[in-house]
Ligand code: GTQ
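Single chain ahead, by itself, as structure tokens, in the form predicted on its own.
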């Protein structure tokens, strides 16, 4: 054992591995290696860190940089040949997993009017957040949902789903968010193509919104026992109205401003078992305090402009930009406008952290704030 591995192996304090290499031990390690085994103390400091050590790094993906490349894919590949015409976001620290951050995947998908992606199902859970265009729709297990900018739709694990843009619409781009890296890490991913390639729409259009999307009300005959939300589509207009109403009665969280979680209307819990989603509003000139928590986040700017300081680096963002906050990274957000609010959509893996009892959170020191450096 040489180089960084050896230094890591020896540098820890009392109660952790601190064994000095000797010729006899090195020979012993080689013998264990030939048996596909190893001595725990040689890796203990790496696999049991004092606190989370994310391999992900903070990244800001500027929409103006990506948009032309996303649109260019239309001329280069067809949805039939590509399966899905998507440009995925590749975190420099997670390139081997095609992950945007942690165990979360994100990609930008484009479809033109009249195009339809074939119906399929997979073990990964997914959501779509509409970035631009008109006429987009998704069909989930026979339920068709029409979609507009800043709406998002669920395609939970195991459901048949397909996406398209109506012939009378305009080119549409949306962000796909999935837990593909997590499901692959668990070695539990399946994928299937619908035998007919298309689904039959078996219900009135937008029936799930009309049934389950009425605030404070639940259908008297409505029954739902699945692990994901029956609402399936979450619309921007009522979400933004709810943020404004909530903001009139609270100063919000000192760390996240006026923050509201999208929920399963049956359970009050997250929209899916492995992925949660939220929308937060920063008031004009608001600058939140710094904190950190377990769990990885992918943010998309739904409205306004501002900045985030993540582990001491400042990232300036505007509408439709996407950025990530790795697990256990210090972060704070600011609204750059003195007259308009800013809204951030996020999807994250907190349902996993919370269900496994792994969620932890802490504030940044005396909250004098991080000392940001521009990137």
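Numbering follows the first chain given and starts at 1. All values derive from a computational prediction rather than experimental measurement.
Note that the form predicted in complex with this ligand isn't included here; everything after this is about it.
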Checklist entry - Using a 4.5 Å heavy atom cut-off, are 84, 161 and 176 all in contact with this ligand in the predicted complex? => result yes
Next on the checklist: At 4.5 Å between heavy atoms, is residue 128 in contact with this ligand in the predicted complex?
Outcome noted: yes
Next on the checklist: Is residue 152 part of the interface with this ligand in the predicted complex - any heavy atom within 4.5 Å?
Outcome noted: no
Item to check | residue 274, heavy atom within 4.5 angstroms of this ligand in the predicted complex | outcome: no
Checklist entry - Hey, in the predicted complex, is residue 109 touching this ligand, heavy atoms inside 4.5 Å? => result yes
Checklist outcome for this item: From 305, 120, 293, 289: within 4.5 Å of this ligand in the predicted complex by heavy atoms is 120
Checklist outcome for this item: If we test each of 279, 208, 180, 301 for a heavy atom within 4.5 Å of this ligand in the predicted complex, the one that passes is 180
Checklist entry - So which stretch, 140-148, 232-240, 101-109, 68-76, is the one near this ligand in the predicted complex (non-hydrogen atoms, 4.5 Å)? => result 101-109
Item to check | Interface residues of 55-70 toward this ligand, as seen in the predicted complex [heavy atoms, 4.5 Å] | outcome: none
